[in-house]
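Consider the single chain below, provided in structure tokens and representing the form predicted on its own.
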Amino acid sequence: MKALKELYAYRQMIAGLVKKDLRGRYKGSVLGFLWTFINPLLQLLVYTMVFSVIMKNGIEKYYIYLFVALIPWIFFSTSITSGCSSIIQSKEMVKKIYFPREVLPIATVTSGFINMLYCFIVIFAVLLVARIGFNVYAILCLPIIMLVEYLLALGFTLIFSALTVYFRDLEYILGIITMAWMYLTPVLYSIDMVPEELKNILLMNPMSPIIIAYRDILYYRQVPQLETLASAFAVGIVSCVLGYLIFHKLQKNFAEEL
């Protein structure tokens, strides 16, 4: 509770860092903020061509099936790969000014989360155009899943941002890890396509129940199974708490390592 109160006291600093990140993300580019929508759309186009035309998988309206999972995955992977260097990039501030160091990864993850919310405007528009429609009761579960994913992303970002201070190569290794992680998560395929003997292993992946829940809500228009919601919520809480504990332990020597 003491840590939460301290973070709340620095909420304006977090808000300032989030605004700075959102404004500076595409600064100098011609299309600017439009890249928030263009980047996932281009990825969607590539994956749809590969898995709908070249390697047909038989999933109806696969581009929507993929899109509703790809956007949350981009948020998660980007939070980790960008957030891992959040302490190093602000090393001068860390050395000279006192503030809760958790503020830096929190700002990075929050910025990515806001970016995802903007992308969901496109998702809803595509669902309307494709006449998929919505289930009101299912949509009410969407904020819960978003919050769980935020906690999960924050937990892992806290861990990797702290570890990167001591092991700088981790910043480059994470790109490979997140790429492999995506293929071990049912983003490009259905969990039902996985052999039965491997399915339980795949479900141990903390992102699997979250991606399945997004698909249930937006593609299948159904309320996620209670088991899926409970599993996702538990994983999000545990990862966030564990991330904080590891970060808190490692931050004591940040100034010396930087």
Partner chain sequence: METVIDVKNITKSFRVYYDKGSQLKEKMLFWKRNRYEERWVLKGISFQIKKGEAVGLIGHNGCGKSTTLKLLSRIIYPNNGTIEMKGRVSSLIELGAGFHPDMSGRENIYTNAAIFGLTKKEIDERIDDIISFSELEEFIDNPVRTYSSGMYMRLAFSVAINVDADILLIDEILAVGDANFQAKCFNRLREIKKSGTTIVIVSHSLGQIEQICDRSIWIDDGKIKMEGTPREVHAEYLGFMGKKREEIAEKERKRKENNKKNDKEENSNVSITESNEIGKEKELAFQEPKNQDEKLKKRWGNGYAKIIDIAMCTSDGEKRTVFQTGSDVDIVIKFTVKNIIKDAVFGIAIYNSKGIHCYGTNTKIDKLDEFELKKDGQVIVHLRHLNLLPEVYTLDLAIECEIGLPVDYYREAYRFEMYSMYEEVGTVRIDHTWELSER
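Positions refer to the first chain, counted from 1. Only a predicted model underlies this, so the values are computations on that prediction, with no experimental measurement involved.
Missing here is the form predicted together with the partner chain; even so, the following discussion is about that form.
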{"item": "4.5 Å heavy atom contact, residue 22 to the partner chain in the predicted bound form", "value": "no"}
{"item": "Partner contact for residue 132 in the predicted bound form: the partner chain, 4.5 angstroms, heavy atom", "value": "no"}
{"item": "Contact test in the predicted bound form: residue 99 vs the partner chain, heavy atoms, 4.5 Å", "value": "yes"}
{"item": "Residue 93, heavy atom within 4.5 angstroms of the partner chain in the predicted bound form", "value": "yes"}
{"item": "In the predicted bound form, segment of 99-107, 68-76, 122-130, 137-145 with a heavy atom within 4.5 Å of the partner chain", "value": "99-107"}
{"item": "Contacts with the partner chain in the predicted bound form - residues in 152-178 whose heavy atoms fall within 4.5 Å", "value": "166, 167, 168, 169"}
